[in-house]
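Okay, so here's just one chain, in structure tokens, the form predicted on its own.
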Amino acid sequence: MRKIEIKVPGNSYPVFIGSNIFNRFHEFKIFRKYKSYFLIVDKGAYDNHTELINDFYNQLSEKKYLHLFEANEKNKSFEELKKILSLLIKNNFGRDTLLVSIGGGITGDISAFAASIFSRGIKYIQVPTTLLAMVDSSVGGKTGINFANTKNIVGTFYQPEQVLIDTVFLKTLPRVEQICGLGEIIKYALLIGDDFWGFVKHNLQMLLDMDKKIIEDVIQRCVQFKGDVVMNDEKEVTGLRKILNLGHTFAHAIEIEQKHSIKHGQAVIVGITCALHLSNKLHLLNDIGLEKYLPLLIKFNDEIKIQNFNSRKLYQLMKRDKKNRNEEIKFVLLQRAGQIAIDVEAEKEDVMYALENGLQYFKV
């Protein structure tokens, strides 16, 4: 079992990574501190790992509740948040409760948001069950829900007490979720540098085959990098944390414009592809770099299908992005792997160029 310490000022917490460690939860100190547990469990994860999750639940103290959550972007909403808060109140849970989130990124985001506002904040832990959540969303303390056709626009910064990453959950991971996780892994490869990019590219098939050592190595590398970024800019004050949004300004708009017919990780692959084209158009990334990084992104274009898209609507959606200032879209772009430019502004015609050239690989 591997351990990474996320050293956020005033609230450090451990991330444990391993195989078959979820059923060893009694070894973790946090489960000896609480007698009241509220579980929010992704229904898909529960269906695939019923015995494992039930065994965990049955060994908890008497004060406990398990809420099954249908994880999709539509349910990442005030309505579902109200259900969770109502259940906490109805079942007499208080500030001494540990909320346990078991699921992917959507489940983790709404669970963490509920924990951050119930009784002015209760403790929670993340048990990510998808590759995307393991390498990215379970760490860092961003919480949120979608509102007014805008992704993650309502939320808080609220760090977990612990993250428990058990790769046993990946055994039942559908192919589409593998691709989604790969989207965030590619993002981290571009953020970290050419050595890690080469490692991911060279071990791609073993990664998709969920090879135990390779997958744990990749998860550890991504989590460690994100942890270091969050430690230095937890609430996006200095601007460093913005680098984690590479491709996401495009991706979030694409998700909404496509009415969530593609998943977040798939949209990230498309979004990074657009970001690379914009980087090249603005002469940040040279032609050699574009040709170097593009093939891995479009390798799975037959598994990511973009329906007829409206570039003008996409541009308007991007103007809602949380990183924007003074109504100007602020992009995170690439100069080379490991060298990122933030708060880049671009003319509308250049953004439209990036959209058309990036989306062309994925059009139905």
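Numbers for residues come from their place in the sequence shown, where the first is 1. Note that this is a predicted model, so its numbers are computed, not measured.
The following text describes the form predicted in complex with a small molecule, which does not appear among the structures shown.
With the partner omitted from this view, the residue of N152, Q159, N75, N203 that lies near the small molecule in the predicted complex is N152 [heavy atom within 4.5 Å]. Residue in contact with the small molecule in the predicted complex (any heavy atom within 4.5 Å), chosen from L240, I192, L294, L173: L173. Within 4.5 Å of some heavy atom of the small molecule in the predicted complex lies at least one heavy atom of F169. Proximity of S137 to the small molecule in the predicted complex: non-hydrogen atoms within 4.5 Å are present. The small molecule is not drawn, but in the predicted complex it has no heavy atom within 4.5 Å of S311. In the predicted complex, the small molecule lies farther than 4.5 Å from every heavy atom of E234. Partner contacts here mean any heavy atom within 4.5 Å of the small molecule in the predicted complex, and among 327 to 335, 48 to 56, 22 to 30, 300 to 308 they occur only in 48 to 56. Using a 4.5 Å heavy atom cutoff, G44, K226 and H264 all lie near the small molecule in the predicted complex.
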